[in-house]
Every structure is written in structure tokens, then in C-alpha cells.
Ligand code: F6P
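One chain is shown next in C-alpha cells, namely the form predicted alone.
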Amino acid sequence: MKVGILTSGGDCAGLNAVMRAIALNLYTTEKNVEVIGFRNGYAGLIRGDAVPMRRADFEGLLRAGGTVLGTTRTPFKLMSVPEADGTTRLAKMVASYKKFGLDCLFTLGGAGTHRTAALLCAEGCNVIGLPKTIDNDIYGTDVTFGFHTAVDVAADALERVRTTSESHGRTMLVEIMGNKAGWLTLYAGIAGGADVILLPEIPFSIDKVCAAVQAAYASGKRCAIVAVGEGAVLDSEAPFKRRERVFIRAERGETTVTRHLAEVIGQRTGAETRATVLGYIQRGGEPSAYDRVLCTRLGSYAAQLCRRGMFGVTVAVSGGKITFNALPDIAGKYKFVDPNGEIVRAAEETGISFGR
């Protein structure tokens, strides 16, 4: 058996752990296994940039952060566009797949990675996807690997911000990753004890946010913490398309709403206000114990599917059990926070404001 592995899109904790589980499962259950790692995601598959890997290469990867194979973002929309030589990137990937004589290609990535994986399947390649993203927004799975580690990091950051904010009596806005979906901000905000949580799925009113901040101080708190999703939008911005919102914000010299909101809160409430962006710290570091277990389950199951000849699928979690979905059924789809879902209701009923 000869298989290929690549990691595509943004990095996150758990990529190495999943690769380890795939490889060790195959090495343990099959007599003759050859594993090829493609460097830097689909870019490596396009160029045929691959490295043979041994069992020893995977043994120490359970707790290692990032990805030993490297990763890049290769836009899905460019896959079928002819390049200077007249050949598409998709055609080059299919050619590499055949050149290396692969029985299966494991693609570890998010929504974009899955869309490209579906294209490869349509071209006759045996592909198995694995759901990676700190955004937890892949359709058809309850959870993605890397998400819970990012939640732990962001929640810890909120708690650290709280202690310094209490010392100075400040309102602190913390911007958390999540441009389209607010799962990371929602979970981290609840776990980190935020007073206000702002999500892309719930357009917010500045008046409501200011009122929530004032209520926090009125209740006796020495600070107010606002967890702001990267893609959060004002209710006044909601009717506009994303491109139009980007243009409006660019006129203010901003890409997100966080710093603008911090200025308004300070002006209206009189509270000393600061804003901080967590950024890439949320992606880095070793996976949490939860993610190490999840990665082992997902990777091992993906290897089982490969041994059974089940291709054109992506591994998923449903009701706590590991299962799979057909790639064409989930590619290009996203999973969003339900504004009226149980988690949001539970947060609101414990006093957290979503600015609505």
C-alpha cells in the first residue's frame, strides 16, 4: 500500500498528531506500507515536491504543534484555471498522484481543502479528508481537530486580560479569530467569563454593547471584558455585502470592527478602554489532551477507511462517534453558530450580552 499525506490551509494544533495516527495505524495493520509526505499542502502535490517518510518520522508527533510537512493556502478558485504552460493546477495534481502511484491521498485541512479534495475525487483520485480548523466551521462534523486547543488558548488569554483589566479598572476588547463563523469566540468567551460576546452570526448594536459594559460596572465589577469575533458586524453594516463592509472600514483605516468599537465604548461610557488582538497565538503550540485523543481517533479511523477502500469521503464526528461524509456533500458548505441555539441561549441566560 502506498499513500500520500498533505496538510493544507492555515496551520493548527493537531495536524502532526493526525498524521501520526494515520501512519501508525497503517504500519501496525498492514505488512507493506509506503508513506509519502507532500510539502506545503497542495502546492507540493502540484510540483511533485514529496518526501518518503518512515515509521520513526511519526513516533514523536503526538504533542508537536504545527505541521512537519509545512502548509500553504492554494486558492480553490484557481485550481481549474490554465497557467502559463496551458495546464491547470488540478491537472498537475492528478498527474502527481498517478506519478507517485498512490493508492490513497489523505488531505488534512478546512473548507477550502475539502473543496479541492472533491475535485480530485471527481478526477478519479482516491482521497480521504480530515477536518482541520480552529474555526470549527466545517459542515457535517460536530467538531474539528485544533478547535478545542484554540479555545483553551483564547480562554486563557481572556482570563489573563481580566486580571490586568481589574487592576486598572479598564474595559478590554479581545479580538478572536473567526471571520465567517463565531464558534471559537463563543466557546472562548463563555469559558473566559466575558461580559459581552460578539459573533459574525449576530449583528450587534453599539448601544446594547455600551449598556452591557455599564451594567457590568454597575454590578460591582472592576472591569468589563468584550470577546469580539474577527468577523463581527455592526447591525448598521449587516445589510451590506462583505466587500462593501471592507470598503467602509478601510475608510476608517480598519479591517475589523474591534478598535472602532473600543473608541466608541470609551467615549460613551467614560471607562478607560483598550483593545488587543490575539492573532496567531491561537494557532500555535502543542495540541491539548482533548485534541490529542480526537486526532488519534480521527486519524486511525481514516486509515481504517483506506484499508476498506472507502474513498471520496471525509472523516467526521457525529454525536460523539467517529463517522464519515461524502466529500461532494460537504465541500463548500459551512457550519455556523445558530443565533437562537442552546449554547447562545445558555450564555444569555447567565447574563452574557451578544449586543442584540
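Start at 1 and count along the sequence shown; that's the residue number. Remember, predicted model here, so these are calculated numbers, not experimental data.
Although it is not shown, the form predicted together with the named molecule is what the next lines describe.
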- Query: Is there a non-hydrogen atom of D135 within 4.5 angstroms of a non-hydrogen atom of the named molecule in the predicted bound form?
  - Reply: yes
Given that the partner is absent here, does E230 sit within 4.5 Å of the named molecule in the predicted bound form, heavy atoms only?
yes
The named molecule contact at R89 in the predicted bound form, heavy atom, 4.5 Å: no
Is there a heavy atom of R283 no more than 4.5 Å from a heavy atom of the named molecule in the predicted bound form?
yes
Given 262-270, 90-98, 156-164, 173-181, the stretch touching the named molecule in the predicted bound form at heavy atoms within 4.5 Å is 173-181
Among K221, R73, K208, R274, just one has a heavy atom within 4.5 Å of the named molecule in the predicted bound form, namely R73
